[in-house]
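Below you'll find only one chain, the form predicted alone, shown as C-alpha cells.
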C-alpha cells in the first residue's frame, strides 16, 4: 500500500544560481494549465490509500497566489488523510504572507519547510537570493503564532568562497530560530546552473569536510543527527523522507516528479509543455528482487540507525549476509553491525558514497 505522496510545483519568481531542479518563472497562464494537468494525473493514478505523508515541493510552491493555492489544495483534497498525516509545503520568505499561512491552516498543512540557505550577504549575492534577516524572523514568529509547530529550515554550506566564520554566523542564526528540523546541503555546482555556466569554482574538498564536521558537532548539541544531512528534535524526523530512505513506495505527481509504485520506478517528463499536454512519463524501470535489495541498502544506510536485519528478511525472505558481501565491509570497518542493524559509523558518513557503491547491482 502506498502511503506517501510528493507534488512538484515548478514555479519561481526568480531562478537561484545553484538550482538544478525542474523550475520555470512564475506565469499565471501556465499555472492554470499546470494545475489542470496535475489534477488529471492525480485522478488517473492515485488509488485512494490513506497517506501518511504529503509533501508539496518545487520550485517554490508559495509563489502561487491565494486563488491558485486554493485550487491546488482542492485538487489535493482527493488524497485521503488522517489526524496523523504529515502535510508539508516548501515556502520562500519573500512570497509568504499572513493570508497564505491562514490558507495553509485551513487545508491542514502542519509542516513548513523554508530554504534559508545562508544569511551572509556575500553568499546570498552569489546564490542570487534576497532573504532578509528581519523578514525571516518575523515570518517564523507569525507562523508560530498561528500554531505551526513543525518547521524545517534548509542550510547550505561549502558555498564558493565561503569562510568558517560565514558558516558560524549561519548556524547561530538558524539555531536561534529554534526549528524542529534542519536539513543541510553542500553547495554542488551542477550542469546547466548559472554557477556552472559562469565557471564558478567549487570550494576545496578539505574545507567542505571541515564545514560538515562543524555542522554536525554544533547541531548535535541540540538535535538528533538521524540521516547524513538531516537533524531533528525528538519525534520531529521527516516522516516523508524516512519513507524514501526506508525504500517504501510513493506517488510522485507533477513535472519531473519521481514515483516508486507497483515494483517500478517512474520519472515524469521535465518538459512543462509536454506535461500540460498530458504526456507525463519520461522513464520507467521495472525492478527485480535484486534491484529492490540494492535500493534497500543504498537508501537505508543513509540513516544513522542503518538497515534493519529483521525488516530486510521480512521484505525479501533472505538475510542481508546472504545477499551481499557484508563480511568484507565489516572487516574493512566500512560497515558496523549491531544485534538488529547494519550501519555506517557516524565518522564515515561524509564518505558514505564510497561505501554505498558496494551495493549497486552490477
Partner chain sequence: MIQENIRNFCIIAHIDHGKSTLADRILEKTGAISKYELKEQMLDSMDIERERGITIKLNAVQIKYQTNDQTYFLNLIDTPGHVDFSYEVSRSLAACEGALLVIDASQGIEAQTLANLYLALDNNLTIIPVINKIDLPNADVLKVTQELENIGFNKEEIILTSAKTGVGIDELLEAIINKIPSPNGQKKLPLSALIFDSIFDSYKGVITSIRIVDGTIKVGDTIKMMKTNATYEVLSLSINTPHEQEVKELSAGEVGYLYASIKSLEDVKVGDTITLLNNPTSKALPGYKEMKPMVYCGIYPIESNKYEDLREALEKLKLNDASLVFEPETSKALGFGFRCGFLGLLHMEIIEERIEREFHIDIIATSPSVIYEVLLTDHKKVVIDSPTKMPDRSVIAKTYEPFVKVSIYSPKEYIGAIMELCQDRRGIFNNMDYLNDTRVTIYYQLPLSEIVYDFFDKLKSCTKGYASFDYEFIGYIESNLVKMDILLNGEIVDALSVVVHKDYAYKRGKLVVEKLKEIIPRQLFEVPIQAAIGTHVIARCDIKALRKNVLAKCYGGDVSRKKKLLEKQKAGKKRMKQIGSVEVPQEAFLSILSTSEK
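Positions refer to the first chain, counted from 1. Remember, predicted model here, so these are calculated numbers, not experimental data.
If you look for the form predicted in complex with its partner chain, you will not find it shown, but the lines that follow are about it.
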{"item": "Whether 12, 121 and 149 all lie within 4.5 angstroms of its partner chain in the predicted bound form by heavy atom", "value": "no"}
{"item": "4.5 angstroms heavy atom contact with its partner chain in the predicted bound form for residue 295", "value": "yes"}
{"item": "Residue 326: touches its partner chain in the predicted bound form, heavy atom cutoff 4.5 angstroms", "value": "no"}
{"item": "Residue 241 within 4.5 Å of its partner chain in the predicted bound form, heavy atoms", "value": "yes"}
{"item": "Contact label in the predicted bound form: residue 350 to its partner chain, heavy atom within 4.5 Å", "value": "yes"}
{"item": "208, 249, 131, 169 - the one with a heavy atom within 4.5 Å of its partner chain in the predicted bound form", "value": "208"}
{"item": "Its partner chain: the contacting residue among 245, 87, 114, 275 in the predicted bound form [heavy atom, 4.5 Å]", "value": "245"}
{"item": "Residue stretch of 102-110, 228-236, 169-177, 122-130 approaching its partner chain in the predicted bound form, non-hydrogen atom distance within 4.5 Å", "value": "228-236"}
{"item": "Sequence-ordered residues of 173-196 touching its partner chain in the predicted bound form, heavy atom within 4.5 Å", "value": "183, 185, 186, 188, 190"}
